[in-house]
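First, one chain by itself in structure tokens, the form predicted on its own.
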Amino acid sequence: MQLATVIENRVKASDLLEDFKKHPVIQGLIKGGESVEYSAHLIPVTGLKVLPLLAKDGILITGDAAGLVLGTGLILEGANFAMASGIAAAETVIKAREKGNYTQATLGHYEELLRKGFVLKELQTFKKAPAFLENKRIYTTYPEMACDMAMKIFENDGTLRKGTFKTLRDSMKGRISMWQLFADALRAKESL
């Protein structure tokens, strides 16, 4: 469920967890278990377009507070970004302390270090991913099609099965056009 949908429908994080625990596959895994502690927070997957100013006079912003999280739909990565930005911030503070200068000009070294390392380079590589992941078909249409295709390909009721491309076309009927599929595939190629 996307954040916008959660907000729009006023869904609580605890309700999402309870719904997750009610899923038949999950129920079998946690049967007899007891929740001892629960904690959650939103993970900001915003990309480069929405990064805040990372350094101001006397302030450095690191980790997910700075939006230094990589979400591509396949991965959600942030702990290593937080550590790398923390190291860059520490090196910057050491340099600022040696100079006795904590102005934005001196603390700007922090962003230089992030640009030299992997953090901002990876965010740059996947800069189109957040916008691409706004496509609702990724969370509804394509999983439905994949399940439908898998059923048609692997189910054997004794009748002759169709070829894979014909099965794909049948699974697309009423869900998506070939042009939409092609356009989404092109956007995926550019974004991921």
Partner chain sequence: MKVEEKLALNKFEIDREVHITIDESKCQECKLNQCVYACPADCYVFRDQHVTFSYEGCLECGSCRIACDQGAIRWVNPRGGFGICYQYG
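Residue numbers count along the first chain shown, from 1. These figures come from a predicted structure and were not determined experimentally. The term rigid core refers to the most C-alpha atoms you can superpose between the two forms while keeping them within 1.5 Å.
In what follows, reference is made to the form predicted together with its partner chain, a form of this protein that is not presented.
Taken together, 7, 35 and 42 are fully in contact with its partner chain in the model of the complex: each brings a heavy atom within 4.5 Å. Within this chain, residue 11 lines the site of its partner chain in the model of the complex, having a heavy atom no more than 4.5 Å away. Interface residue remark: residue 17 is counted as part of the site for its partner chain in the model of the complex, having a heavy atom within 4.5 Å.
Though the partner is left out of this view, residue 192 does not reach within 4.5 Å of its partner chain in the model of the complex, counting heavy atoms only.
Using a 4.5 angstroms threshold between heavy atoms, residue 185 stays clear of its partner chain in the model of the complex. Residue 14 shows a C-alpha shift of 2 Å or greater between this form and the one not shown [criterion: core-superposed Cα displacement of 2 Å]. Superposition of the core reveals a Cα shift of 2 Å or more for residue 27 between this form and the one not shown. Relative to the displayed conformation, the Cα-Cα distance from residue 175 to residue 9 shrinks by 3 Å or more in the model of the complex.
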